[in-house]
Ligand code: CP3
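Single chain ahead, by itself, as C-alpha cells, in the form predicted on its own.
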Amino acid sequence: MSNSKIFVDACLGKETPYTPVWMMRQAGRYLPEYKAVRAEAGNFLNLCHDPKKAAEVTLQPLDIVGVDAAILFSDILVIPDEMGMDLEFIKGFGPKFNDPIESQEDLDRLIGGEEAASKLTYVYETIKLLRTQLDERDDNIALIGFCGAPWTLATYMIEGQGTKTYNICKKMMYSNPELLHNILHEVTQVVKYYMEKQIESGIDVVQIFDSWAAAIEPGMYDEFSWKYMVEIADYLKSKYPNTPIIMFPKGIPAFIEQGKVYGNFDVFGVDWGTPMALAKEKLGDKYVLQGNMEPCRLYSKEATTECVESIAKTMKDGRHIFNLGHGILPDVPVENAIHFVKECQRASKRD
C-alpha cells in the first residue's frame, strides 16, 4: 500500500489490508496536547482562525492515537459566521448567534455564494499547510475535509444556539416553509463553493455532517435536508469525480429502513442508534459503510473490544470503515481511544 492511501482506497470500496479507522472529534478535548494548544490560542474561534495551530491539532491524533486518517480541525459554524452572522462561543454554553434569522430581510442581509466561501481563507491555509506536512510523512495518511449539512447549519442560524426541541426552526418548517427553503438554498450554495475550495486546497475526502437530522420527521427529511446534501454531492462529483464523499446524517434509522437514501456519494456514515446489520442490508450494496460504535463504549476497553468484534463480524464480507457512531467525548481516557484503534485494526486484518 506504499503508493496509496488506505483510507481513500476503503472509501472507494477497494480491498485494503485491514479496515481503516478514524474517530469523529478525534482532534479534541480528550487529548491533553489539544487542550494545551487551545489554551495558547485563547479561545476556540482563535484556534480555528490560526492555520498553524489548527494544523498542529489536526495531526495530533495520528501520532498519539494511531488513526488512519486526519480530519481538518475547524467548526461547521465558520460558514454562517463568514456569511455575516454574529457568532461567539461562550464558555460552558457553546456557540451562540446574537442575530438569528427570523425573516427574509434577515436572510437578505447576509453574504452568499462564492463571496462568503472566499472569506474562509484561514481554513484553506490550514489545509495547504496540512497537505505539505502530510506529504512529508511516509505513512500515506489521508486528509478529510468537512462541512455541516444545510439543515444543521440552518437550525443554528434560526435558533441562535444549540437546541433540544428545535421548536423555532420547526415552527418555520410547518408555518413558513418557503422561508426555510430559501435559507437552506442560500446555505447550500455557500457550502458547494466552500467544499470545492477545500478540495482545491488539498483535502482527499469530504464528509458532510447532518448532526441534527433526527429533528426532522422521516417523511419530511428528504425535502428539508437530504436533497440539499445530495445537491452538494452532485456538484462536487461533477467537478471532482475521484474525490470520495461521506454522508453522515445522525439519527435517521426509519429513513434508512424505508429505503429512502439515494445520491451520488461513496460512503454512508452509520450513527450508533442505527443497527449496522440494517444499514448493511439496505445500503451495503450501493455504499461503503462507516461506523458505528456507541461512543460511550470507549469508557470500557472490554465493551470496546466486544463491539469492535461484533461490527467486524457483521461487515466481514462488506465494504467498511471503522468509526464511532458520533463524536468521542471529552473525558474518554486517551489509552482507551488507542485501544479502540488497535482493536479495529486487529479485528479486521486480512489473512
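One rule holds for the numbers: they count along the sequence shown, beginning at 1. Values in this document were obtained by computation on a predicted structure and should not be read as measured data.
Below, we turn to the form predicted together with the named molecule, even though it does not appear here.
Shown without its partner, this chain lists 198, 274, 211, 225 as candidates; in the predicted complex, only 211 has a non-hydrogen atom within 4.5 angstroms of the named molecule.
None of 130, 236, 71, 246 but one reaches within 4.5 angstroms of the named molecule in the predicted complex through a heavy atom, and that residue is 71. Contact check for 5, 14 and 284: none of the three has a heavy atom within 4.5 Å of the named molecule in the predicted complex. Here the chain stands alone, but in the predicted complex its contact with the named molecule, taken as any heavy atom within 4.5 Å, falls in 203-211 among 203-211, 164-172, 238-246, 109-117. In the predicted complex, the named molecule lies farther than 4.5 Å from every heavy atom of residue 290. In the predicted complex, the named molecule stays beyond 4.5 Å of every heavy atom belonging to residue 97. Taking the partner from the other structure, the named molecule in the predicted complex has no heavy atom within 4.5 Å of any heavy atom of residue 337.
Using a 4.5 angstroms threshold between heavy atoms, residue 267 stays clear of the named molecule in the predicted complex.
Shown without its partner, the chain has 24, 25, 26, 27, 28, 29, 34, 38 in segment 22-41 as residues with a non-hydrogen atom within 4.5 angstroms of the named molecule in the predicted complex.
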